[in-house]
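Presented below, as structure tokens, is a lone chain in the form predicted alone.
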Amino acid sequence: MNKLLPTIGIEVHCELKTKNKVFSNSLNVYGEIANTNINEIDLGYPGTLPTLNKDVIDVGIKTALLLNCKVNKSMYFDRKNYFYPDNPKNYQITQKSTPIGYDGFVEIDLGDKLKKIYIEEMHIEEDTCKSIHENGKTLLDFNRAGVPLIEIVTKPVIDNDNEAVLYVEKLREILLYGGISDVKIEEGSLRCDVNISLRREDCNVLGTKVEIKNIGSISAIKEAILFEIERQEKLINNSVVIVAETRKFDESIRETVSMRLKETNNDYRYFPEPDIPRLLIEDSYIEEIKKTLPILPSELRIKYKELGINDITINALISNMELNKYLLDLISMGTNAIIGANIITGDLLAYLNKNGISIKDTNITIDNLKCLVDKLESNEISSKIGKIILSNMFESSDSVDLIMEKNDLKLISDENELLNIIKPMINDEIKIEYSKNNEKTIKYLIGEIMKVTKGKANPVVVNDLLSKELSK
């Protein structure tokens, strides 16, 4: 029997970071009291007319460029007609025929090779209001109604759950660093629908597509795909016909559950939106937006590797955009990138995570951080003293020099003072050990000296003095 192969496509709905909604001047914010950021347009009152938010078009073009898409220079909006409580107008304004971007790609790293996940199209549309199901009733929060969305649709080129996860993770990075969205899946600003079909290995015709809606986390994307592949395999192997349907992933039972049979485009009765005129985008306008494109994580990874930063540290930096910016600022100021990266992703990040705060909630300034890194690089302070200074920097606005003065943290570099500590430690037994393994012996002695001086001995001076005394 021929092996069954999955074919996967992903649709990502991404809420845009604009000040206002897409067709009204209501504020686009999250977490406010229900039904406070609304007006007559959001509620679908008869006689109201939408006004297109220019910022949404700008962000849409920017997104298209970041995702290597072509920009549709002549576009219009469409009405998608359907009846549901979260849709007060009984239609949704979207782009079916002229998406703002098309024919793009996102490149993922499979370890042994790179693979392009091709994007069929990305279009702008308005979000619906939020449905809250409680005690057998459904409540509606219209704060989300009219929030601008971009839906990004891949071609059916994803082969397995691993590729799907890598694609969504890479897409999230691009959208976050591009300033497109805060991509918080837990808040609903990024939502994923996965389309899965199975076909026989010797067959080029795709199988019947099943859609899994609104998957709530990246880990759930993997679980949903694996479960759905297994479910369809069992049906096909038992000669049961797969039906085109919409399912959801129930996280409580870790399974996909049927919601409804799949609608067709005819069900939505699309037609051009009569209240919004066609848009014509000039090349010069696209070029101006292109100038605003930021450096992306893929470029940062290359830059950091060239600077000698290891992969673990790079991943920790990329996953925290705020701290990553601090490192970029340090690098632009001529500071040692490796030392800066190690401080940021080490003790600094540990402190922030332990206290559940942002670096902006501390007293750390970029100038103080640079001073700390520079003193470590020049061996003016030891790593142990660096940790003490950093712990003070979280709470104190004092300069590094003042923190050192207040806490008596200056390194001991006086040779006579250090020799008084070193000479009693050197005896015949130590010299014999030194002859067998000089590096191990010196490391041991430096450790002992640091204990005696409470980390204040200048390691460079100590190392030089030890080598001289042990060689006598």
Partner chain sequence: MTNYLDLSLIEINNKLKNREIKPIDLVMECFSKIENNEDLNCFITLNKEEAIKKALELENKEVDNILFAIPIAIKDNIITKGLKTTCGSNMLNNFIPTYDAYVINKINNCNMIVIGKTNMDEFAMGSSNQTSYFGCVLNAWNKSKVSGGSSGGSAVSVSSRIVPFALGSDTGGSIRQPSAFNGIVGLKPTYGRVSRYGLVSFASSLDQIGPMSRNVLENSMLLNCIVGKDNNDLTSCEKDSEDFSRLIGEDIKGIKIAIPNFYVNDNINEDIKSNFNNVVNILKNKGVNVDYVDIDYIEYSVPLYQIIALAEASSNLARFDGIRYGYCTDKKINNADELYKYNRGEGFGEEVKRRIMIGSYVLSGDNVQEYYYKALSIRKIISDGFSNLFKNYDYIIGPTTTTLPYNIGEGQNDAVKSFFDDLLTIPVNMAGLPAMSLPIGINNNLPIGMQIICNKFEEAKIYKLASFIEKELNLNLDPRGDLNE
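All figures in this text were calculated on a predicted structure; none of them were measured in a lab. Residue numbers count along the first chain shown, from 1.
Below, we turn to the form predicted together with its partner chain, even though it does not appear here.
None of the heavy atoms of Gly334 is located within 4.5 Å of its partner chain in the predicted bound form.
In the predicted bound form, its partner chain sits beyond 4.5 Å of every heavy atom of Cys69.
Looking at Leu43, you'd find a heavy atom of it within 4.5 angstroms of its partner chain in the predicted bound form. Although the partner is absent from this view, Phe142 contacts its partner chain in the predicted bound form, with a non-hydrogen atom inside 4.5 angstroms.
Only one segment in the set 78 to 86, 323 to 331, 342 to 350, 161 to 169 has residues whose heavy atoms sit within 4.5 Å of its partner chain in the predicted bound form; it is 78 to 86. For the three residues Pro50, Asp267 and Ile276, a heavy atom within 4.5 Å of its partner chain turns up in the predicted bound form in every case.
For the residues Ser383, Asn90, Asn237, Ser131, the 4.5 Å heavy atom test against its partner chain in the predicted bound form is passed only by Asn90.
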